[in-house]
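Read the single chain below, which is given as structure tokens and is the form predicted alone.
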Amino acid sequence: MSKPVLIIGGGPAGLAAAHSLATVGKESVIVEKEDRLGGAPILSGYAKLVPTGEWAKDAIGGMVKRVEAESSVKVVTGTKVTDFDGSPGNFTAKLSNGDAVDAEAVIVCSGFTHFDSVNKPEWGFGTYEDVVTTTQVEQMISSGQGVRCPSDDRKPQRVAILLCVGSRDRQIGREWCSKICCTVSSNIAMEIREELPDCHVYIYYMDIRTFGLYETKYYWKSQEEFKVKYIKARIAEVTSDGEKLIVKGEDTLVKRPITIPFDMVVHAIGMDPNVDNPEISETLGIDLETHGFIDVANRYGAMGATSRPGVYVAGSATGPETIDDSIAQGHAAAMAVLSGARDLKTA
């Protein structure tokens, strides 16, 4: 098959898919709705990545440079797919910039949307300037300015990180675990302590899910080496006494109310389905799963197959995912496309 592979989304999964295809001389077209590649790690200004500790601008930025240097990869930014038709080996996609792409197959790597903490107003975001998100703290660190209270630019002496904001919360329609928030929060807590040794950092949690090998490197290390304090609690509200933010809740281990003042409160925000998923689903003719992520039709056959033959999906478009696993799925989806092309030739 001489037609290129259409890759929707230029984040870690899409970059990995394009690179894999390029290594075997297969052409691809990346269509990215934003004005540059890199996905959330670049667009949202992530700091040090889990688990390597590399800066996002270097690790994912390096992937961007590698793909942009590939002659077999065409990049189209600031653009969406508006119409789609055809069958495996012979698809046509119309783009919002007026172009059209004839493609052999499609790999959807459209990623996710960060949970908007405005949807959890009782925890203070949008009301108090010093209630921020993990993404905002990452931006503070990656920009070099350091962790500061937005209200007056002072160095916080006491920081609370509230887990599961927009995750595991049926009351706001977010039943799923966002998989990486516990580990990212432990990592951020250590970064705060490293920059501000006199700052006390507390992590409020329902359960800790630093899964796999992350338990030692993040959960225990943050406590034993960086003296981060963990409180198993249910948070009722975040208010202010005019000087400090007040976190009120119940310590669920000792079954008693707790009220602690803080200079800064950080929401560990979860991963929502991409806000464009209904549009992507309708345009490409593929199914969404119950929560609104793109459904994977066959996990034990062609990697990343969707409900439509010839259309594949990889990374956090399918649900909360780590960057490393998104990259692996991007490579795997590229292999599935090549395998599908072989099958078409022999059919």
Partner chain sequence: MPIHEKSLIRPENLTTHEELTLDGVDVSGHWSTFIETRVVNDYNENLQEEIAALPGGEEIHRCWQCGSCTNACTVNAINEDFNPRYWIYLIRMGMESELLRDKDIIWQCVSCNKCTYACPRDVFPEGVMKATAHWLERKGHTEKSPSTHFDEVFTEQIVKTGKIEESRTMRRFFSRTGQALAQPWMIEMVKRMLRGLPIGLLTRMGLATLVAPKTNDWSKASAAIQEYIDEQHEKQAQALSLAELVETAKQDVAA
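Residue numbers count along the first chain shown, from 1. This structure is a prediction, so every number in the text was calculated from the model and none was measured.
The discussion below concerns the form predicted together with its partner chain, not included here.
You can rule out all but one of 249 to 257, 210 to 218, 194 to 202, 134 to 142: in the predicted bound form, only 249 to 257 has residues with a heavy atom within 4.5 Å of its partner chain.
In the predicted bound form, its partner chain sits within 4.5 Å of a heavy atom belonging to Q171. In the predicted bound form, at least one heavy atom of A233 sits within 4.5 Å of a heavy atom of its partner chain. At a distance threshold of 4.5 angstroms between non-hydrogen atoms, M206 is in contact with its partner chain in the predicted bound form.
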